[in-house]
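Form predicted alone, single chain, as C-alpha cells, below.
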C-alpha cells in the first residue's frame, strides 16, 4: 500500500472531525473577528464598520486596565499559592504513615467538585450572617464582629483567591506526587547519611525531579487562572465596586449585560490572544521537558 494512499485515507478518516471543528470553532471565530470591527449591538442592527476603534477604546479604557491588573494579580497569587500548597501536600503524602491512602483520596475531593458547587460552598463559609469563617474567627477572638468578606473591596479578591487555591491545589499535588515516585530512595537515604537537612535534600535532590512536571503544572494553572470566570461570577459577579472583575467577567458584561457585541467581540479576541501566548509558552515547556527526558 502506497504512502500517498495511507495519507489520503488518514485525511478521509479525519474529515468528519474537521467539518465539526470548522462548524463549531472556525465559523464562530470568523464571525467574532468580523463583529470586532463593527459597532454592532447584541440585538438589532448588524452595525457599521469602525476599524480598530473598538480595540483602541478598550486599550485606553480604565475599566479594561483595572480588569487586566485584577486578572494578573488573581493569577499570580492564586497560582503561587497552589504551587506551594500542592508541593507541600505531595511531600507529606509521599511519606509512609497509617491512613495515607485515605488522605490521598480525600485530597482529590476539592478538585473533583464542580466549580459552581465549590463557589457556593465558599459563599456559605463567607456569609456575613451565619458563615463558618466569621464564627470561627469570632470564637477565637480574632474578630469582634462578623464581616462581609465578599462585600468589601479590600477582602473580596483575597477571599476568591483562597477559594480558588483550595479548589485547584490538588491538581498540583497530584502532579508533584507522581513525580516524587521517580525519586530514587537510595539517593535521599545517601543524602541523609551525609548529613543533609530537610531543606537541602529538597533543594538539591528532590527538586530537580520535580522541576519539569511543576513547570507544566505552573503554565497550565496560569492559563486557567488568567481566563477564570465561573468561580468569580458565582461568588461576587465581579463586585463589589468591580474589585473582582476580571477580563472574562468584563467580556461577559460588555457583550451581554451592556449588549455591545462589537466591543465585546474585540475584547474577547484580545483575551484569546493573551491565552494563546500562554498556550504557546506551555507548548514550548512541553517540548523542552520531553527533550530533557
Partner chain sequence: MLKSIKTALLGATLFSAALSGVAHAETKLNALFMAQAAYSEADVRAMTDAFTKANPDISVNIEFVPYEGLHDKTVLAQGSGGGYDVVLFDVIWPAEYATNNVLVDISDRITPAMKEGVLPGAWTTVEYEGKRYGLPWILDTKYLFYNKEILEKAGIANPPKTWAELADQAKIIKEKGVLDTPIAWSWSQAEAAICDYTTLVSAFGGDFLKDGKPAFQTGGGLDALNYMVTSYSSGLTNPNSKEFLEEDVRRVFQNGEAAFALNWTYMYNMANDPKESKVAGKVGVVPAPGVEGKSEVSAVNGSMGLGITTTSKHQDEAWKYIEFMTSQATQNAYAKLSLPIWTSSYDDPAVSAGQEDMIAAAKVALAAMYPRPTTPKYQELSTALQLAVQEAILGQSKPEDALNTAAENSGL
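Residue numbers count along the first chain shown, from 1. Here the structure is a predicted model, which means the values were calculated and not measured. Rigid core (definition): largest C-alpha set, two forms, superposition within 1.5 Å.
The form predicted together with the partner chain exists for this protein as well; it is not shown, and the discussion that follows is about that form.
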Worksheet item: Should residue 57 be counted as a contact of the partner chain in the model of the complex, where contact means heavy atoms within 4.5 Å?
Response: no
Practice prompt. Evaluate residue 247 for contact with the partner chain in the model of the complex, applying a 4.5 angstroms cut-off between non-hydrogen atoms, and reply yes or no.
Written response: no
Discussion item. Does any part of residue 226 reach within 4.5 Å of the partner chain in the model of the complex? Heavy atoms only, please.
Written reply: no
Worksheet item: Is there a non-hydrogen atom of residue 253 within 4.5 angstroms of a non-hydrogen atom of the partner chain in the model of the complex?
Response: yes
Worksheet item: What is the one choice in 194, 186, 129, 144 with a heavy atom within 4.5 Å of the partner chain in the model of the complex?
Response: 129
Worksheet item: Heavy atom within 4.5 Å of the partner chain in the model of the complex: which of 280, 14, 24, 273?
Response: 24
Practice prompt. Could you tell me which stretch in 211-219, 144-152, 79-87, 164-172 has residues with non-hydrogen atoms within 4.5 Å of the partner chain in the model of the complex?
Written response: 144-152
Worksheet item: Who in 20-34 is close to the partner chain in the model of the complex, meaning a heavy atom within 4.5 Å?
Response: 24, 27, 28, 31, 32
Worksheet entry | Core-superposed comparison between the shown form and the other one, residue 52 Cα displacement 2 Å or beyond | no
Item to complete: Spell out whether the Cα of residue 239 moves at least 2 Å between the shown form and the other one when the two forms are superposed on their rigid core.
Response: no
